[in-house]
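Before any questions on how it binds or moves, here is one chain, the form predicted alone, in structure tokens.
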């Protein structure tokens, strides 16, 4: 198995992409720490991991926007496993839409604090032991919005551009220490976040939910949404020894929507 004896810490692990990555990693033999704010969701995923794949799992409540919460989550996982994670997946995020002129300080700070700040905090907590061991993987779930702009998502796009800057800079710092740092940039994915986006389109344009969905699908040359499992499959590669030569990259999973 590709990830046997590895320990993975996955934020936003209670649903969507985070859940898919937790299950995909567990299928490859990794022990899983599922981190998010909603206790019922992370407990469910942790149980799925144990029941389906027989690996160790831990559910920890974690608000990535709060430094004390992040440190507490890492303390809990070290208490159970006796060490820090080999793999950190920074998946927790927020995506709200607003015209730039209607984007206030609170909305701006919220996106930066969760999407970029959360990536910083969890990476900062997990990296020192990776350096000591001479092996580690940081996988940041960014977005194609981190590569190109779009109307109504200036705060979100700015935060994801920041994630890519952090990814590239850190990758160069730790490249000689057995650690890789990469980002995955999904397009629209079949998740709750996209469902909320569809609801927002319906509310603001009067389109039906089906029309809104088809509009998002047409943004991809493949005329479909990406599945969480497709993102998870790439995460498995990046986390494994097979992916050790991939470093400092921002890889799109979007059907060809963005070609750089």
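Please read all numbers here as calculations on a predicted model, not as lab measurements. Numbering follows the first chain given and starts at 1.
From this point on, the text means the form predicted in complex with a small molecule, which you will not see here.
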| item | value |
| --- | --- |
| Contact assignment for the small molecule in the predicted complex, among 92, 155, 77, 139, heavy atom within 4.5 Å | 92 |
| Proximity to the small molecule in the predicted complex, single hit among 224, 196, 44, 207 (heavy atom within 4.5 Å) | 196 |
| Contact test in the predicted complex: residue 243 vs the small molecule, heavy atoms, 4.5 Å | no |
| The small molecule contact in the predicted complex: residue 32, any heavy atom under 4.5 Å | no |
| Contact of residue 166 with the small molecule in the predicted complex (heavy atom, 4.5 Å) | no |
| Any non-hydrogen atom of residue 85 within 4.5 angstroms of the small molecule in the predicted complex | no |
| Candidate stretches 129 to 137, 166 to 174, 98 to 106, 181 to 189 - the one whose heavy atoms come within 4.5 Å of the small molecule in the predicted complex | 181 to 189 |
